[in-house]
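Presented below, as structure tokens, is a lone chain in the form predicted on its own.
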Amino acid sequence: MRSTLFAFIAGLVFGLGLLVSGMANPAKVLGFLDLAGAWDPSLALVMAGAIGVAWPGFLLLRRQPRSRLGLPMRWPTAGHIDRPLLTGALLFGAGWGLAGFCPGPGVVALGAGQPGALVFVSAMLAGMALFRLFDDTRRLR
């Protein structure tokens, strides 16, 4: 129950941060990604601020075997770049550039009732289900 409450609070703070920063606004995101057009660099400041705030916390947490809630810390273990990583990054970037949403802001926009968010989140969930099906089939071979 305690971890669920903290997860809810963390998700709420994350979602509010996305709304306040403009990350849940596809027009703002597409303006940031449009380097050849009317480029809007304001999201670069949001990104730099987020990294500046999170970096010291991550450095401290990397030394901890368990979270403050007593849960084991799970850090990525892969240290190489491979085809699945590159394919996923390309698909993620293409989807972000086409829709103006990435998963977090898409869910926030859906909750805020923004037009287009339902289509994006539905397509995202369908893509996740297709990947699961593909990955399960690949593992059975």
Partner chain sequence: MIGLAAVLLMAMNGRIAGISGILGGLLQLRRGEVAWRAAFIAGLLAAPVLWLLVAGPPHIVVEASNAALVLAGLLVGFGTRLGSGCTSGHGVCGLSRLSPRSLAATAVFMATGFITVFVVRHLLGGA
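Numbering follows the first chain given and starts at 1. Given the structure is predicted, the values throughout are model-derived calculations rather than measurements.
Just so it is clear, the following notes concern the form predicted in complex with the partner chain, a form of the same protein that is not shown.
The closest non-hydrogen atom of residue 67 lies within 4.5 Å of the partner chain in the predicted complex. Interface residue remark: residue 137 is not counted as part of the site for the partner chain in the predicted complex, having no heavy atom within 4.5 Å. Not displayed here, the partner chain is kept clear of residue 45 by more than 4.5 Å at the level of heavy atoms in the predicted complex. At least one heavy atom of residue 62 is located within 4.5 Å of the partner chain in the predicted complex. Shown without its partner, the chain has 124, 125, 126, 127, 128, 129, 130, 131, 132, 134, 138 in segment 124-141 as residues with a non-hydrogen atom within 4.5 angstroms of the partner chain in the predicted complex.
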